[in-house]
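Okay, so here's just one chain, in structure tokens, the form predicted on its own.
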């Protein structure tokens, strides 16, 4: 059985979990929250050279980084594939997966998570209101504006669900857990993508399983009530 080291509300851990669920792969989730002292195993730096989550173990094979893990799972269990076969769609999926894990996460979700959860609750430091305001007023319109421009009425890369949809949606879910709700009137196509994707059975199963963590962390999960009811 696969082992996945990480936290279920983590953008990147959730991405791997959903790929496992889509492919019907059993796995064991080993809770690891690197920002919480004492939550990492003694050999964590051997498992994760970067110290980041998630990490996957498949027997004796260990792999860090969610994109590498998802690509590995797609090769070892190719049906259903989360990477399109058509060259341009495949390239688009890779690009948007990278954009989600890089720009969307690093410039939007990560700083807001740090300032609203990590700083006040774990570091016992005041949040940086200026940083939050800069992300919300300057960065979000640019990043969401780009994503809105590449959203159609279906999927981000090709005609079927792909890693691009999973990666972008996972970021948006965590963002809304923080209380920063997606403006449906301003970003209607992106909102449509979010609404469609979180209603997929694999997403519903993953989101339902993480609600205990959401409550324990004091996050805002009310937006999911219609989906998880």
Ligand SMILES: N[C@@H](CCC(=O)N[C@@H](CS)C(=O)NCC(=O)O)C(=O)O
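Positions refer to the first chain, counted from 1. Since the structure is predicted, the reported quantities are computational estimates derived from the model, not experimental observations.
In what follows, reference is made to the form predicted together with this ligand, a form of this protein that is not presented.
35 is the sole member of 35, 178, 200, 160 with a non-hydrogen atom lying within 4.5 angstroms of this ligand in the model of the complex. Screening 67, 39, 62, 188 for any heavy atom within 4.5 Å of this ligand in the model of the complex leaves a single hit, 67. Contact annotation for residue 11: at least one heavy atom lies within 4.5 Å of this ligand in the model of the complex. Although the partner is absent here, residue 52 lies within 4.5 Å of this ligand in the model of the complex, judged by heavy atoms. Residue contact check for residue 130: none of its heavy atoms lie within 4.5 Å of this ligand in the model of the complex.
Within this chain, residue 144 is remote from the site of this ligand in the model of the complex, having no heavy atom within 4.5 Å.
With the partner omitted here, the stretch from 74 to 82, 98 to 106, 145 to 153, 120 to 128 that lies within 4.5 Å of this ligand by heavy atoms in the model of the complex is 98 to 106.
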